[in-house]
Ligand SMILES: C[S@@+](CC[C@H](N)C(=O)[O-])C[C@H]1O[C@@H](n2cnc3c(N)ncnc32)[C@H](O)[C@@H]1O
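Shown below, as structure tokens, is a lone chain in the form predicted alone; questions about how it binds or moves come after it.
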Amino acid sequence: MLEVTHNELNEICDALESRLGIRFHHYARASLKRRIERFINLKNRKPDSLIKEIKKSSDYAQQVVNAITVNVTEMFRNPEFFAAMQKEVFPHFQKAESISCWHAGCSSGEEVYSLAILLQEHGLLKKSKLTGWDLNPEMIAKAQRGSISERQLNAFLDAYFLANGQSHLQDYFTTRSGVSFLHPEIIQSCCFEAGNILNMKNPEDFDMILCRNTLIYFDLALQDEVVKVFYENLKPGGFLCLGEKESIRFTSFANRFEELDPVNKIFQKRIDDDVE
């Protein structure tokens, strides 16, 4: 089995950053090393050959990124979070003229569509725009289709119930030949793009940013940069939602947010604060 040395891993990160601008040097090293080794062994490529191909072709570099990035998601994942969000955040949304939400690291879009369904149930979807970003264009293409297998849909029924869903999850889908398609009004409220979180530049544009279970793959320096992006792109009083094992405690922006729910990691940007 082929292994990647410390120097080879650095060269691969350099090549990917040069080609695509993605700073894998700041990703958790052990996890990144395992995923790259899995890729080169599946493709039967030596590390030096991999580096040459990345330097030669942006398309190949993107194939590598698609293979080594983590894409784990499901509808109403951690349903207690969605229940808490309806309690802590939705009352503020009821008073808003419009609602703009950004899902950073959305994978194949299940979380985005979960939020859209809950907004629909609270009468908020018509004034909402949901934007999902991910590094992997293949995941974005899947998200844009707005479909899952009937088996997946059935697996999400309990999570929807525990998230305090007010109807039946099946009511939002039409199933044909084992494939379940979301209804058009849900799909049309969601926009998906391939993009790097650090490249988002919509100052004070979003009412809520969700980035759940993505920061855990970054080192502290990159976490700080990403939280700065979130802070700058949130409206004053806007909400930041992280994964259950994530925190902003060790970032330089910790005191710029109020922690509304320490268990479900829901934060609110302080209204009377400015980035220095």
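Everything numeric here is computed off the predicted structure, so don't read it as measured data. All residue numbers are counted from 1 along the displayed sequence.
Below, we refer to the form predicted together with this ligand, which is not included among the displayed structures.
Distance criterion of 4.5 Å from any heavy atom to this ligand in the model of the complex singles out N71 from the list N71, Q120, Q170, N164.
Of the candidates T214, Q62, T251, N233, T214 is the one whose heavy atoms come within 4.5 Å of this ligand in the model of the complex; the others do not. Three-residue candidate spot G105, N136 and F218; every residue lies within 4.5 angstroms of this ligand in the model of the complex by at least one non-hydrogen atom. Residue heavy atoms within 4.5 Å of this ligand in the model of the complex occur in exactly one stretch of 85-93, 72-80, 177-185, 149-157, and that stretch is 72-80. Interface membership of L125, defined by any non-hydrogen atom within 4.5 Å of this ligand in the model of the complex, is ruled out. Contact annotation for F239: none of its heavy atoms lies within 4.5 Å of this ligand in the model of the complex. Remark: Q144 does not count among the residues lining this ligand in the model of the complex, judged by a heavy atom distance of 4.5 Å or less. Looking at L130, you'd find every heavy atom of it more than 4.5 angstroms from this ligand in the model of the complex.
Contacts between 14-43 and this ligand, taken as any heavy atom within 4.5 Å in the model of the complex, involve only Y27.
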